[in-house]
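Next up: a single chain in structure tokens, the form predicted on its own.
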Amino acid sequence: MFRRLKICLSLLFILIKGYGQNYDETKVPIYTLPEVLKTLDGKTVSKAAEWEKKRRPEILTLFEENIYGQMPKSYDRITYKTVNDNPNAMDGKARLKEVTITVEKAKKSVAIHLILFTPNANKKSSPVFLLINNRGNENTDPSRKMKSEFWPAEMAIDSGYAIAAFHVSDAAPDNKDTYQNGVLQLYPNQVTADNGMKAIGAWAWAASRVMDYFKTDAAIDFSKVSVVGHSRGGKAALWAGAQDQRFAMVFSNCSGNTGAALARRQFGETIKRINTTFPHWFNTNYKRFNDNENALPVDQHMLISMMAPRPVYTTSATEDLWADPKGSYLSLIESQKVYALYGKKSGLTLTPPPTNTPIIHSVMGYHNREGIHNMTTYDWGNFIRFANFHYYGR
């Protein structure tokens, strides 16, 4: 009993101490970011065509090799089965479809369970928000007996949007011992390869398979699919958007380290801490950069840059210093260089906007919400406003 108490107190002390992370801006080290527009052979990119042909593929490969792992493209077969279809969900406001997406390769298969609501008021196909759900399944309850602001399906439907979700556990259980019991069963070589895909990559891969399904559903406007994620799901959403340019828009909520935040700032969560606590999220090569951020050939502004010229929206929360709100905003600032190649001017201010002051009328949106590490109706309300601006000019 005493031993257990001692262990519990030790763990509590660690949590209170906060692993010794830096929350002091004066202690942020001097750093130099990799130049997003300078190619590996030292040439500066000045045109969008050069970016797309040379620099963007270089950066994508650098992220694959050093952080997120390879993204397998091949499989033998993909099928879609509607297991529940309710045309009068939400008191008649929406149609509910539950679809099992089964992907097969080498006599093995993985099933992704999709929940989809589409608004009955729309006579034509609807734009859709797809959530990579990293929290409990109760947050996306299809019966709507349980409702959560983490996935406010009614808000989306009332705003004329379809809303969908799948759970990360279908693609890769969020567990260091069992993460391979999902998508990676189809690609076992990825598990042992130093640059192999791990959990975050598997979640992004699954989002693309949902995208494959959306192309077959007449109720979905395939040109207006947004991928959404919170925290670790927000990291996966950015990686999905970088890999799969079919996503029209990307929303990354409080994604922090190896999401939107600059690693070189070493503010809040660090590469070493994330690799130690969650060794199954990123490839083995990434561990070479524990306490060695400046050796990384990329930083997260380059990940956001790969969304260009598509709209991207990132968020922070005032009490979520672990996810480095300032570092997340600075990533957006740095990515403006790539958007400028397409003639896209952002509405970003030089310094981060005040709390609860969203930047909506911009190709790159942002807000720092008052509160804790979470995704709320405030966040979703701004996602909808941002989508309305880009899709409908309102």
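Remember, it's a predicted structure, so these values are computed and weren't measured experimentally. Each residue number is its position in the shown sequence, starting from 1.
Not pictured, yet referred to below: the form predicted together with beta-D-galactopyranuronic acid.
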item	value
Non-hydrogen atom within 4.5 Å of beta-D-galactopyranuronic acid in the predicted complex for each of 113, 213 and 244	no
4.5 Å heavy atom contact, residue 278 to beta-D-galactopyranuronic acid in the predicted complex	yes
Residue 89 within 4.5 Å of beta-D-galactopyranuronic acid in the predicted complex, heavy atoms	no
is_contact(residue 269, beta-D-galactopyranuronic acid) in the predicted complex, heavy atom dist at most 4.5 Å	yes
Close approach of residue 167 to beta-D-galactopyranuronic acid in the predicted complex, 4.5 Å, heavy atom	no
Candidate stretches 73-81, 260-268, 299-307, 230-238, one within 4.5 Å of beta-D-galactopyranuronic acid in the predicted complex by heavy atom	230-238
Option touching beta-D-galactopyranuronic acid, based on a heavy atom within 4.5 Å in the predicted complex, out of 206, 274, 128, 99	274
Heavy atom within 4.5 Å of beta-D-galactopyranuronic acid in the predicted complex - the one residue of 322, 161, 286, 151 that qualifies	322
Within 123-148, the residues that have a heavy atom no more than 4.5 Å from beta-D-galactopyranuronic acid in the predicted complex	134
